[in-house]
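As structure tokens, one chain now follows by itself in the form predicted on its own.
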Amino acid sequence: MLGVWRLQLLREISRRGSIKAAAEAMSITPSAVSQQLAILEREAGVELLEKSGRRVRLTDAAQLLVRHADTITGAIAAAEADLASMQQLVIGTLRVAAFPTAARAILPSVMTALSRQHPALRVTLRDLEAAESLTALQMDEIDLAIVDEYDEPARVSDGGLEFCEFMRDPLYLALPPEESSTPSPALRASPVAGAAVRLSDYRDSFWIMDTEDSHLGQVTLRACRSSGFEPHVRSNCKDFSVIIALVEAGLGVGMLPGLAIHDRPVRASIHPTEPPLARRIASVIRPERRSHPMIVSALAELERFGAAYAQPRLS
């Protein structure tokens, strides 16, 4: 009979690309991995690894076993979820990953609510970008990912993962406050507080942008081009607090998601855009774990946050 744990070990080698990486993920030594693979080869009656230069790669038989291991692991997770749903208490460790603004603006209240409802539940949080969270979820390093999506089509599935949008987060144009004394070319007088603005009105302004390879940076660039101009980019900043600081200093204008200024006082003048822009915020799980009580509770809290989410006070 094939050992389930050894099948999972083979699955980790396939996912992570090397025996060393799989050993680190499973908290064992590379030599122990090799020993377990030798046992699995005897159990299966086939070779599982073949040399490729200085590296090894999985044989066709090993790839077949990996696909079965995926099915077996999913069945085990579903069984764990069914057993957990029979218990009266929600216990265990819920491993969550979220992109930075969600980690700051969403997770504190969600984690607090979960700890109050379920004192025996431990929730851990990793600050990861969306792509990193999805990889961690596929690698079984986390149980729940919070990701953001901009103007790309909404994903129904991604590698067998289940996406559930729980809120929309509007994008805003941040303008320097009226008291700013630092000159910026062609900055118009601030419009009425909260009034929508057209990006084309700021074609001659300096722009403080997110990083060039970020989703928000690309969305802002496309929005400007759709409005008929190429923005004069003064700075590319990964940290929204830096973007806010530079805008408040009068050094340019910048695009910000609502969560970046959620419960955070800013002196910049914040305005929705015309046409409006927004990003989708979604939770992502493995479908076989959907019925697990801690997943059910976490998804419910995220839905509650989304329903109660108040757009920032515009000034």
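Keep in mind the model is a prediction, meaning the values are calculated, not measured. If you superpose the two forms and keep the largest set of C-alpha atoms that fall within 1.5 Å, you have the rigid core. So that there is no doubt, residue numbering starts at 1 and follows the sequence shown.
Although not depicted, the form predicted in complex with the DNA is the subject of the following passage.
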* Structure fact -> None of H68, R290, R55, R264 but one has a heavy atom within 4.5 Å of the DNA in the predicted bound form; the exception is R55
* To do: Using the partner position in the predicted bound form, report whether I19 sits within 4.5 Å of the DNA, counting heavy atoms only.
  => yes
* Touches the DNA in the predicted bound form: T273 (any heavy atom, 4.5 Å) -> no
* Asked: Would V46 count as a contact of the DNA in the predicted bound form, using a 4.5 angstroms cut-off between non-hydrogen atoms?
  -> no
* Do S34 and the DNA share at least one heavy atom pair within 4.5 Å in the predicted bound form? -> yes
* To do: Please name which of the stretches 58-66, 278-286, 35-43, 250-258 has residues with heavy atoms lying within 4.5 Å of the DNA in the predicted bound form.
  => 35-43
* Any residue of 5-28 that, in the predicted bound form, places a heavy atom within 4.5 Å of the DNA -> W5, R6, S18, I19, K20, S27, I28
* **Core-superposed C-alpha of P276 shifting 2 Å or more between this form and the one not shown** => no
* Asked: Taking the rigid core as the reference frame, is the Cα of T29 displaced by 2 Å or more between this form and the one not shown?
  -> yes
